[in-house]
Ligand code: NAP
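We begin with a single chain expressed as structure tokens, specifically the form predicted on its own.
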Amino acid sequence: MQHTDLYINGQWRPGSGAERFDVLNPADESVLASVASATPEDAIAAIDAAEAAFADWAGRSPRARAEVLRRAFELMTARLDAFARLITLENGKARADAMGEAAYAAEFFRWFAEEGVRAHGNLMPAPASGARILVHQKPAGIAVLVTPWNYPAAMGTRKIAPALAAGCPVVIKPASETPLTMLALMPLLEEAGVPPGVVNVLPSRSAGSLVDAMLHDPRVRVVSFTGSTEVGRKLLKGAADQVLKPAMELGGNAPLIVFEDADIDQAVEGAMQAKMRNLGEACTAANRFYVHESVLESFTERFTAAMAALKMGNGLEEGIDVGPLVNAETRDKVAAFVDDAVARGAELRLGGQRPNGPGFFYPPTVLARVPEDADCVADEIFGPVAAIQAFSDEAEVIAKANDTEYGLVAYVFTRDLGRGLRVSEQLEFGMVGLNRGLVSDPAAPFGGVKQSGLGREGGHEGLLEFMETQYISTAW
């Protein structure tokens, strides 16, 4: 928390408007730090810095850029404890979750250090004219990155690493709830060899006007956003004015399907990962549980027991599994979902009562036999609440799973590999966890369909989001 100002062109500076905002510890609601709030004028200064740094960074060999990213991975890996502590302080997640995020965040530097040297092109004769078709990839240009609060480190490195590997400078706007982790990453990137101006960080309470100013600067060529579908739609409208290249990782409403032939212990373990990773504050979190009627009670009992065994408290303390939610608004929204479901006839098997005292805590909660018209079925819960429903046949559950505007991730549990693959192909989701509760991997193309976004992050596809294809026609 030693850095709380804006980071522009390798320098720490207060915002041009001299305004600041408080960052709270969600475990006790105390003030962690006062952080500078960037203005549209600061945004233009950051783009000026990125423009000045662009030619040198893009002109370096892919291997030279890769060595910087590899060094960033090594430095961050050596400091996982410090980053995990900071993540817990400003986000609230328990230490094990925070350590997992810090390691995951560092891994993007290593993956794109390796992938950045593999921006393959193509050479072929044109069948009709006999000319040569030469195709290669170029850095797209300055990228604006907008990240959410649920993964203060990983959602930043997942964008920064491929952008830098591709040769693009960036301006990143971290969530105002959790800006400290991204600010703390900047000295590490300096030490790794990232030149001034290549990465700029603008925390701000005036996110709308700040980002809008950048999206309407003709020097910006890419906008990459992770967050709600509602905000994503607004950014897409702004990006359209300059025809920017968009990468959007938006909301989810993940179904988790347990067939009658599933290994119930494996399904419970996977469901705990899919639901409780990051306390359910993840777009990949299982939201709707569809369990075959013949194993409904067996699964529900074992899953409820696993949820009941979790210990809630300050994430900095040893033995804590469940920390607080990030803020009062998120906690109150989760509580409203539970109250609505119970009022409509759902069975409350566990939790459902907000504890007394400071902090934005909400206990692990299990709702059984949730009716179809409950609000939590149609909307993203984003908290530690599992909404369980029964189904009777395959066609029925596929239809229910697909009955949403979202299409990020789905989970399927069955011992029948043929059925698992058949159902996975029929699910309208960008990712499927088949007998797994965890799908995120730096080497995999992360992203959704329908209202869950455009483009992919991670994998080779994540690199291409920050590159443009150029075709040269020649003959010899």
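Since this is a predicted model, take the numbers as computed values, not measurements. Just count from 1 along the sequence shown to find any residue number.
The same protein also has a form predicted together with the ligand, omitted here; what follows describes it.
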{"property": "Joint contact, Ser204, Gly227 and Gly252 to the ligand in the predicted bound form, by non-hydrogen atom at 4.5 Å", "result": "yes"}
{"property": "Single option in Leu69, Leu408, Ala36, Val412 placed near the ligand in the predicted bound form, where near means a heavy atom within 4.5 Å", "result": "Leu408"}
{"property": "Listed residue that, although the ligand is not shown, lies within 4.5 Å of it in the predicted bound form (heavy atoms), from Ala328, Ala184, Leu134, Val231", "result": "Val231"}
{"property": "Contact segment among 269-277, 107-115, 153-161, 187-195, judged by heavy atoms lying within 4.5 Å of the ligand in the predicted bound form", "result": "153-161"}
{"property": "Contact test in the predicted bound form: Lys245 vs the ligand, heavy atoms, 4.5 Å", "result": "no"}
{"property": "Proximity of Leu235 to the ligand in the predicted bound form, heavy atoms at 4.5 Å", "result": "yes"}
{"property": "4.5 angstroms heavy atom contact with the ligand in the predicted bound form for Ile388", "result": "no"}
{"property": "Distance check, Ser176 to the ligand in the predicted bound form, heavy atom within 4.5 Å", "result": "yes"}
{"property": "Residues in 368-406 with any heavy atom within 4.5 Å of the ligand in the predicted bound form", "result": "Glu380, Phe382"}
